[in-house]
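One chain comes next, on its own, written as structure tokens: the form predicted on its own.
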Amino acid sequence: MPLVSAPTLSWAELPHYSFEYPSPLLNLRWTLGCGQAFRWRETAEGWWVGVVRGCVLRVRSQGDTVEYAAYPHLPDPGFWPDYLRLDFDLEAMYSELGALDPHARASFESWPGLRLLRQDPTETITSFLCTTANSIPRIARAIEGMSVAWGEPIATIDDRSYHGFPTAEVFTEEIIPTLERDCNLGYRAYNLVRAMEQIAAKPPGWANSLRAMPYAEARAELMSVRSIGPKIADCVSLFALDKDEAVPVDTHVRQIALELYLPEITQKSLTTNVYNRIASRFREMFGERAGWAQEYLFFSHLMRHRDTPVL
């Protein structure tokens, strides 16, 4: 653990702020709990508490009012509109894509206000390398364990300690046994370390530079890294790089596609060909917002099968 002291304080002593945003277009529970980010948790009082960009945040909605506090400060003045992608027109998407497909329309009606996030690309890569054949609660525990072990301490707030996300440089061969055992990553630990070693050797800002590339180019760059296959590349593209046409295909999305859109596919395994056919079908139907439609349909399927939320 890094030998850096961190203050002890309470949320009650921190200043709180607020902004207004229509509640039908922003639902924090659906957005922060749908499986695209893993460092948020909901408290009994309805606050969502998480660590983003080295800051501890808590936020909740009361009608159209969004309240929040941050320590040591917000990551930047325009953080919430940027992170929550508040400039994306959900109403237009509901109307236009809902008219194209009744299944998408039903998902929009079931989970109004679910928004895609704009996350840190390196953190998103690291997180989704932990997701292979894994459940959301286990993924969250693994990421929290890594942050406690190798992230910079930020603060202890109301008796809970918070740490920043570990940098790519900490992932070396020496920590593989700890990742396997204490973070319960098993075989994923080796793949994670090998990928992060390659990323650490890239020029500074490499991951952030992918946001300016076209989707196909950014995806190819991601897949040039060991252990990053199509699904992880598409998750990073969609949840961190603003590539809204990216369609991550996992077991849930495969089942959705075979049930609703591609019943002629009979293969039981998710081959590269099947993956590409499913992603292409979503893009044919929903265009440049295919990733948004996928996330709504994915979340609907996840909630119907919440006893086995394996990605």
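Note that residue numbering follows the sequence shown and begins at 1. Bear in mind the structure is a predicted one, so any value in this text is a computation, not a measurement.
Here the subject shifts to the form predicted together with the DNA, a form of this protein not shown in this document.
Heavy atoms of residue 231 reach within 4.5 Å of the DNA in the model of the complex, making it an interface residue. Although the partner is absent here, residue 118 lies well away from the DNA in the model of the complex, with no heavy atom inside 4.5 Å.
When the DNA is considered in the model of the complex, residue 237 lies well away from it, no heavy atom lying within 4.5 Å.
Taking the partner from the other structure, the DNA in the model of the complex has no heavy atom within 4.5 Å of any heavy atom of residue 50. In plain terms, the part of the chain that comes close to the DNA in the model of the complex, with a heavy atom within 4.5 Å, is 134-142 out of 153-161, 109-117, 200-208, 134-142.
Contact check at 4.5 Å (heavy atoms) against the DNA in the model of the complex: all three of 35, 188 and 252 pass.
Residue-level contacts in the model of the complex: of 271, 280, 43, 62, one residue has a heavy atom within 4.5 Å of the DNA, and it is 271.
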